[in-house]
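Next comes just one chain, in structure tokens: the form predicted alone.
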Amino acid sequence: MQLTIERSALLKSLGHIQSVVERRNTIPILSNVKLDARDGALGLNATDMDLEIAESVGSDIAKAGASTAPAHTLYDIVRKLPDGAQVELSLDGEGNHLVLRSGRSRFNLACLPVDEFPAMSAGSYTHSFSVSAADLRGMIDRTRFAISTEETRYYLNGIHLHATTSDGVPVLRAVATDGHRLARVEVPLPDGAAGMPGIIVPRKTVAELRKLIDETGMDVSVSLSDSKIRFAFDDCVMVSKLIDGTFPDYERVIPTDNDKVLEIDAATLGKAVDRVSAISAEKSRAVKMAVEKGQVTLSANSPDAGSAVEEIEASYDASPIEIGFNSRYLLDILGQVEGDAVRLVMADASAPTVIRDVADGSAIYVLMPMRV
């Protein structure tokens, strides 16, 4: 194998690939990236056995061949080379070392045999459809903050994607919850997605996909089966196992009979909550909202730090209510509101509150209150 490639092109692809590779691996080959040079392109591939990313990048191939090299080491070397540098990659005589030359620098990296590199069995996909990168970004951004990190409830460690109907209109819906808050977002159902199984996309896959689609304006091709999902766009393909579990019936926790409606400027509320929460206890970050006609009074108390109070104008005509929230959870939701105003629909101090962006009906959030 021998090839020459521009540093920025190699760095971009290695940046996508290397973040899949875990820093600590009990299986040595999983620390490596597979390099496959043929037909005018260098193919790069990395996997952790649950998630695989493959990408190809144009390069000047003098001699076709394949090898594997330590992913993080290779990435660090290329990252530290000067802008505009040409990078030459080749194998030494025995094929045990990858030789990287650039300008007056030369690196020898230990290789592992390419036939040891695992391939995630492809299998067949039952459903395929395309979704715009903007829609996919929006669905991920507005739900991923609610993904649970509790390993015991593994079926909540991802985003639940499924086809359903909303007011008679077919939609593709994304839902995430950790038991304290829930986020539900929908987009019009893409062609080919009808009848797709309900799936749970793992948290790491969601994070890696979000990084990758940041740089594309293309539609993303999605293929899925009961156990795997595949995303393809530009020169990149990502295959991931799905979480093998049943997502709970989330509709049951979205209240439909809350009757106390508060409308307030989202940015003003967010900044005020952030200020007042600076005083609250580090662990709970609790903030109390006293809501009455025309105004909201935010307060926080800490036995060590003292207390804070702030009043904000709001639109509210129901009976007064006092309710407490985890400020971090509330700020996570307010951060997703793109319109000017946010609507909080409450029942009492112990019932879940429904939060919506007044300007965007496609997303709904549910937040459990806390005792303050």
Partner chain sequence: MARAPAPDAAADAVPPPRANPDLIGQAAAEAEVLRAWTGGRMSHAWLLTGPKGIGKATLAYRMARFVLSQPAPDEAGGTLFGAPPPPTDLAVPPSDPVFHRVQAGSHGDLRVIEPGFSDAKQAQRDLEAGRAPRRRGEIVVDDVRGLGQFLSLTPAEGGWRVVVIDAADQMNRNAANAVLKVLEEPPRRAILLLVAHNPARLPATIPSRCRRLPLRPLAPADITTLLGRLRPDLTESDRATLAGLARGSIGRALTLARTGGLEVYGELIDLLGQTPRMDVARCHALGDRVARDDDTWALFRDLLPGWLADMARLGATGRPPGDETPSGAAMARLSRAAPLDRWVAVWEKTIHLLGRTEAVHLDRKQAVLATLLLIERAAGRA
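Rigid core here is just the name for the largest C-alpha set that superposes within 1.5 Å across the two forms. The structure displayed is predicted, hence computed values, not measured ones. Positions refer to the first chain, counted from 1.
The same protein also has a form predicted together with the partner chain, omitted here; what follows describes it.
Trainee: Look at the candidate spot formed by Glu116, Lys228 and Ile243 and say whether the partner chain comes within 4.5 Å of a heavy atom in all three of them in the model of the complex.
Mentor: All of them do, each having a heavy atom within 4.5 Å of the partner.
Trainee: With the partner left out here, check for me: in the model of the complex, does some heavy atom of Asp83 sit within 4.5 Å of the partner chain?
Mentor: Although the partner chain is absent here, Asp83 would stay clear of it in the model of the complex, with no heavy atoms inside 4.5 Å.
Trainee: Is there a non-hydrogen atom of Ile27 within 4.5 angstroms of a non-hydrogen atom of the partner chain in the model of the complex?
Mentor: It does: once the partner chain is placed as it appears in the model of the complex, Ile27 has a heavy atom within 4.5 Å of it.
Trainee: Answer with yes or no whether Gly138 is in contact with the partner chain in the model of the complex, where contact means some heavy atom within 4.5 Å.
Mentor: Although the partner chain is absent here, Gly138 would stay clear of it in the model of the complex, with no heavy atoms inside 4.5 Å.
Trainee: Mark Pro190 yes when one of its heavy atoms lies within 4.5 Å of a heavy atom of the partner chain in the model of the complex, and no otherwise.
Mentor: No, no contact at 4.5 Å.
Trainee: Could you check which residue among Ala232, Leu91, Met120, Ile77 gets a heavy atom within 4.5 Å of the partner chain in the model of the complex?
Mentor: Of Ala232, Leu91, Met120, Ile77, the residue with a heavy atom within 4.5 Å of the partner chain in the model of the complex is Met120.
Trainee: Using heavy atoms only and a 4.5 Å cut-off, determine which of Pro255, Pro202, Pro248, Gly270 is in contact with the partner chain in the model of the complex.
Mentor: Looking at Pro255, Pro202, Pro248, Gly270 one by one, just Pro202 meets the 4.5 Å heavy-atom criterion.
Trainee: From the candidate stretches 44-52, 340-348, 60-68, 326-334, select the single one in contact with the partner chain in the model of the complex, where contact means a heavy atom within 4.5 Å.
Mentor: The contacting stretch is 44-52.
Trainee: After a core superposition, would you say Glu151 shifts its C-alpha by at least 2 Å between the shown form and the other one?
Mentor: Where the cores coincide, Glu151 shows only a C-alpha shift between the shown form and the other one that is less than 2 Å.
Trainee: With the core lined up, does the C-alpha of Asp167 move 2 Å or more between the shown form and the other one?
Mentor: No, Asp167 moves less than 2 Å.
Trainee: After core superposition, I'd like to know whether Asn25 moves between the shown form and the other one (criterion: C-alpha shift of 2 angstroms or more).
Mentor: Shift of 2 Å or more: yes.
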